[in-house]
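Coming up is one lone chain in structure tokens, specifically the form predicted on its own.
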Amino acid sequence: MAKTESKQLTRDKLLDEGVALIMAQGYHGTGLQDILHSVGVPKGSFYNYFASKEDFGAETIRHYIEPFILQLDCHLRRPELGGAEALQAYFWELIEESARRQFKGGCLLGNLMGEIGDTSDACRESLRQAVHRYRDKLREGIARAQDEGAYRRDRTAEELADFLVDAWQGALLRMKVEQSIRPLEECFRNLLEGYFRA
């Protein structure tokens, strides 16, 4: 049992480091040796945890999205907040975190969509699943806001969630170019405080 837990812990450390390095250097700029060295895992041991670098990339995507879904879910579960307020609180946290990171990184999903989204079947499928899981969690909040009368109902919650994901990804990319959170703030204002409102 302890050996299994230790292996899972090492695997999680490799994924954490993979997220950090791929965010900083890109998928193609990140070598397996860099990841293994930073975690203190011998070079030959990588394949005890992952079948290939492509498999590692796909797992890194799944590992990356989970905290965002949990963070959003925590806001949606706050009993004192309606759906619209929960979404606003969540996105405002993301904006503040981007400012703290000094506009570095953006979103691993968006970065990888551009870098390997059309070259790796395994990573493309992992990206698709991650985006859909995230979209579906946003849809929950949007549907609740619609039921509460805060958001427009002439578009489905899924349509609005898709629009929000797409707009937010674009704003994150522009944030990196502008070196400013202004694109994120404008996306927040224009959608959550504007277009979505009933």
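Start at 1 with the first residue shown and count on from there. A quick note: this is a predicted structure, and the numbers were derived from the prediction, not measured.
One more form of this protein should be noted, the form predicted together with another copy of the chain, which is absent from this view; the next part is about it.
- For a residue to qualify, one of its non-hydrogen atoms must sit within 4.5 Å of another copy of the chain in the model of the complex; none of Glu66, Arg78 and Glu80 qualifies.
- With the partner omitted here, the stretch from 35-43, 156-164, 52-60, 138-146 that lies within 4.5 Å of another copy of the chain by heavy atoms in the model of the complex is 156-164.
- Residue contact with another copy of the chain in the model of the complex: Gly170 places a heavy atom within 4.5 Å of it.
- Another copy of the chain in the model of the complex is not approached by Lys13, whose heavy atoms all lie more than 4.5 angstroms from it.
- Within 4.5 Å of some heavy atom of another copy of the chain in the model of the complex lies at least one heavy atom of Asn111.
- Contact annotation for Tyr90: none of its heavy atoms lies within 4.5 Å of another copy of the chain in the model of the complex.
- For the partner-free chain shown, Arg124, Leu127, Arg128, Val131, His132, Arg135 of 120-154 come within 4.5 angstroms of another copy of the chain in the model of the complex, judged by any non-hydrogen atom.
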